[in-house]
Every structure is written in structure tokens, then in C-alpha cells.
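Shown here is one chain on its own, the form predicted on its own, set out as C-alpha cells.
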């Protein structure tokens, strides 16, 4: 699908800005808002480690800080420095952030090595029986 490939390319481009001097693991993400706006993010490491933030959360926090609350999909491209050799599935913390803002049945997570080599899952598949805002209602 062309839209998937455009989102993947945006994630691959965002990966170039990764600040990952400790792990050498570069990740870029591109988040598609319901209005069609794309927000990108990269992982940003810190020598103290706990302040490190993943690319996915960077993209979400940029979007939310600009007033967006509805999202359709995210593309994630990550691998050690150099050639893309693996899929970079979102960590548990990122999945939980996604659950805060996205319908788990409808939100799509795309992980990619390239525009041609990628996999797609719903958030519900990645976070079954997850805890979200609906649990507090």
C-alpha cells in the first residue's frame, strides 16, 4: 500500500536523526494522525539511561503537545548502525503510550526494514488485554 510506504520512508528518514552513542541502535518513527498529519521521532539516549526516550514516544509526545489525540498508524524502522537488518518492535512502555491514545483494534503498527520489507499488526495483537483509559471508566 502506497500510504504504508510513505509512512515507512518517513520513519527511515527520522532514523537519521537518532542520538544513540551508547547502544548504536538507531530508530525512527512516523506517526499518522487521523487528520493526515505525520509526526516523526527518533530515539534519544542519555548517559544516565533512564532519561532515554524511544522514537515512538518522541513522535507521540510531539503530536500530543500540538493538540493531536487521534491516530491511525505508526511506522517504526530500527536496527543497529548501518544496514537495516531487523524489525524493531515497540517496547512495552511505547505500547502502553499507544494504548493511551489509540483504539487497539484499529491502530496499526508497521515495523520495517525497507519500504518493501515490513510487517503490520494491530496494537491489540501487540498488547493483548492491555490496560487503557477504558479501564478507568
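Just so it is clear, the structure is predicted and the values come from calculations on it, not from any experiment. Positions refer to the first chain, counted from 1.
Keep in mind that the form predicted together with tetrahydrodeoxyuridine (THU) is not shown, yet the notes after this line are about it.
Chemist: Among 107-115, 31-39, 88-96, 60-68, which stretch has residues with heavy atoms no more than 4.5 Å from tetrahydrodeoxyuridine (THU) in the predicted bound form?
Modeler: Answer to the contact question: 88-96.
Chemist: Would you please decide whether residue 73 lies within 4.5 angstroms of tetrahydrodeoxyuridine (THU) in the predicted bound form, comparing each non-hydrogen atom pair?
Modeler: Residue 73 lies outside the contact set for tetrahydrodeoxyuridine (THU).
Chemist: Residue 23: heavy atom within 4.5 Å of tetrahydrodeoxyuridine (THU) in the predicted bound form?
Modeler: Taking the distances in the predicted bound form, the answer for residue 23 is yes, it comes within 4.5 Å of tetrahydrodeoxyuridine (THU).
Chemist: Evaluate residue 100 for contact with tetrahydrodeoxyuridine (THU) in the predicted bound form, applying a 4.5 angstroms cut-off between non-hydrogen atoms, and reply yes or no.
Modeler: Outside the cut-off, so no.
Chemist: Looking at tetrahydrodeoxyuridine (THU) in the predicted bound form, which residues in 23-61 have at least one heavy atom within 4.5 Å of it?
Modeler: 23, 25, 27, 43, 45, 52, 54, 55, 56 sit within 4.5 Å of the partner.
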